[in-house]
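Here you get one chain, nothing else, as structure tokens; it is the form predicted alone.
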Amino acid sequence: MGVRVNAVVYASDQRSARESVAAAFGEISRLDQLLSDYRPDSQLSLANARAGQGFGLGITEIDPAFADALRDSLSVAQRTDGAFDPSVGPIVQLWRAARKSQRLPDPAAVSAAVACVGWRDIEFAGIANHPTLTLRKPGMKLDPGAFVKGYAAQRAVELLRSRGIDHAMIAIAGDISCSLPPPHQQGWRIAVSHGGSAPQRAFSLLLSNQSVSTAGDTEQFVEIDGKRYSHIVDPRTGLGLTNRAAATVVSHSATTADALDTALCVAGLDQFEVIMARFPGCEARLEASTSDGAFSSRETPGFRSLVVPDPERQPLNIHSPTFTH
């Protein structure tokens, strides 16, 4: 996945801790083998290569874990009216190239990429233990960047629990999943920064049996002709976001949190309440720049109850949240 993975566990002895963490890392590696769009032999890359092929040639048998992660992400796509779309791969590829070349994508290429995107054209079939996947549009490409890390973190925590490790936290870049808190503690203290040095843009969350994900453009963006374009793209327009935005989502589903923070950045402040009403049990905060360059924020009523004072903590990078316990 191209990012650092951190694990913190509490166990009865060091040997069981090391063996269990090794097993959790093994599961994360397995998911990377299945779902990386950088690996030409992954199941995801195979499904992408077969997009739009008829006569059964477009069908790919996939691992149940692949199906679970993608189904959860499709639920977010539906409830956000496409502000998040797991099939945004063609657009993401254009903007990856733009960041390298420092040139805007050709408008015709953007239009062609948008025509290949569409979560409604992702089709599952097969049976529970042998699901199949079909991408109905030619040129469709799944992009796992906004849902796989959260899913992998939660799977690792679940595997640790199955091995008797009930107090654990897995952090994969900006996606963190945790089970019970450290002994004699109320929760895992997760430090989050939305960038900048203003204290109101940095806070800590206290979490137990929850997952958190943060998305924003602090690290990944490109400036072309004096205009800043985020690595977060709008699947509906094919354009990188030009307004500054950062979102943090807390959920019992790490996949939901991972996908929803991206959707909130795309949808913007005006749609925050409408979207969050469709995700009961999730808490979120969105900060975004307004037309005058100032920052404004929205948060769900329950989000503030998760925030804890932490006056000595330094602001942290959005894609490298740290943790204390």
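Sequential numbering from 1, following the sequence displayed. The structure displayed is predicted, hence computed values, not measured ones.
From this point on, the text means the form predicted in complex with adenosine-5'-diphosphate (ADP), which you will not see here.
Location of adenosine-5'-diphosphate (ADP) contact in the model of the complex, chosen stretch of 118-126, 158-166, 230-238, 104-112 [non-hydrogen atom, 4.5 Å]: This holds for exactly one stretch, 230-238.
Checking a candidate spot here: are 191, 248 and 282 all in contact with adenosine-5'-diphosphate (ADP) in the model of the complex (at least one heavy atom each within 4.5 Å)? Not a single listed residue reaches adenosine-5'-diphosphate (ADP) in the model of the complex, so no.
Looking at the partner-bound form in the model of the complex, is residue 182 within 4.5 Å of adenosine-5'-diphosphate (ADP) by any heavy atom? Answer no; every heavy atom of residue 182 is more than 4.5 Å from adenosine-5'-diphosphate (ADP) in the model of the complex.
How about residue 88: is it within 4.5 Å of adenosine-5'-diphosphate (ADP) in the model of the complex, going by heavy atoms? Looking in the model of the complex, residue contacts with adenosine-5'-diphosphate (ADP) include residue 88, since a heavy atom lies within 4.5 Å.
Would you please decide whether residue 83 lies within 4.5 angstroms of adenosine-5'-diphosphate (ADP) in the model of the complex, comparing each non-hydrogen atom pair? Contact with adenosine-5'-diphosphate (ADP), yes.
Partner contact for residue 211 in the model of the complex: adenosine-5'-diphosphate (ADP), 4.5 angstroms, heavy atom: So residue 211 does not count as contacting adenosine-5'-diphosphate (ADP).
Answer option from 135, 207, 171, 92, heavy atom within 4.5 Å of adenosine-5'-diphosphate (ADP) in the model of the complex: Contact residue from the list: 92.
Under a 4.5 angstroms heavy atom criterion, identify the one residue in 187, 145, 139, 131 near adenosine-5'-diphosphate (ADP) in the model of the complex. Selected option: 145.
Does anything in 258-276 come within 4.5 Å of adenosine-5'-diphosphate (ADP) in the model of the complex by heavy atoms, and if so which residues, in order? Result: 258, 261, 262, 266.
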